[in-house]
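There is one chain below, alone, in structure tokens, taken in the form predicted on its own.
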């Protein structure tokens, strides 16, 4: 619900990036989503005729994603796995993979990040694309931050507030807190989650990519999902979608 307003934009962006930078296809895309969450993009892409696979660490998210595909009569494969050391079905090779909303930053070590990118690259066909969404860190200007989203459905309202603490350059972490105020059937409850994100400056992203030579940087966009608007990998705009191609 919280990210529902982004779903259409993200879906069209994935399709558009594939047409612009990916290999030519005779049919629908084979799409892979590491850390697929509740499966909103799996559902959206499957509804447009694409083949979808995805995994998530949270068993409740996996169950929810499977059910939402089943309820809509859509085909897709969802399983439980971790970003650091996941595996894909035997012989599976995807045209495009995507990991948005800074989800990649849940991986808390460099070794885990390298392993994840190498596995994503190996899951792609030659010239296949990986779309990686990251909020970059400016260590010289990293004040506390707050963002709010509101989602609604008949009978339910969710207000989601997320705070981030100043980045710790030495440990490469930023403390995060999300508090969700959920009002349903006249009753309100609070749910809170605390975690640490791994931080990435533009130079740290470049250093990470050098350790995965099977991926080449194609272009960067931002979280507006506008195919006509590109970004440099710098701190002029910190919310970036990095488009990588499998060599």
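This is a predicted model, so every value here is computed, not measured. Positions refer to the first chain, counted from 1.
Omitted here: the form predicted in complex with a small molecule. The next part is about that form.
Undergrad: Which one of these stretches, 216-224, 28-36, 45-53, 202-210, sits within 4.5 Å of the small molecule in the predicted complex when only heavy atoms are counted?
TA: Careful reading of the contacts points to 28-36.
Undergrad: Does any heavy atom of residue 82 come within 4.5 Å of a heavy atom of the small molecule in the predicted complex?
TA: Although the small molecule is absent here, residue 82 would touch it in the predicted complex, with heavy atoms inside 4.5 Å.
Undergrad: Hey, in the predicted complex, does residue 114 get a heavy atom within 4.5 angstroms of the small molecule?
TA: Output for residue 114 is no: heavy atoms all beyond 4.5 Å of the small molecule.
Undergrad: Given that the small molecule is not shown alongside this chain, does residue 58 nevertheless sit within 4.5 Å of it in the predicted complex, heavy atom to heavy atom?
TA: Result yes; residue 58 sits at the interface with the small molecule in the predicted complex.
Undergrad: Spell out, yes or no, whether the shortest heavy atom distance between residue 160 and the small molecule in the predicted complex is within 4.5 Å.
TA: Contact with the small molecule, no.
Undergrad: Report the residue, out of 74, 101, 92, 175, that has at least one non-hydrogen atom within 4.5 angstroms of the small molecule in the predicted complex.
TA: So the residue touching the small molecule in the predicted complex, by this definition, is 101.
Undergrad: Hey, with the small molecule in the predicted complex, do 3, 40 and 106 all fall inside the 4.5 Å heavy atom range?
TA: Checked in the predicted complex: all three residues contact the small molecule.
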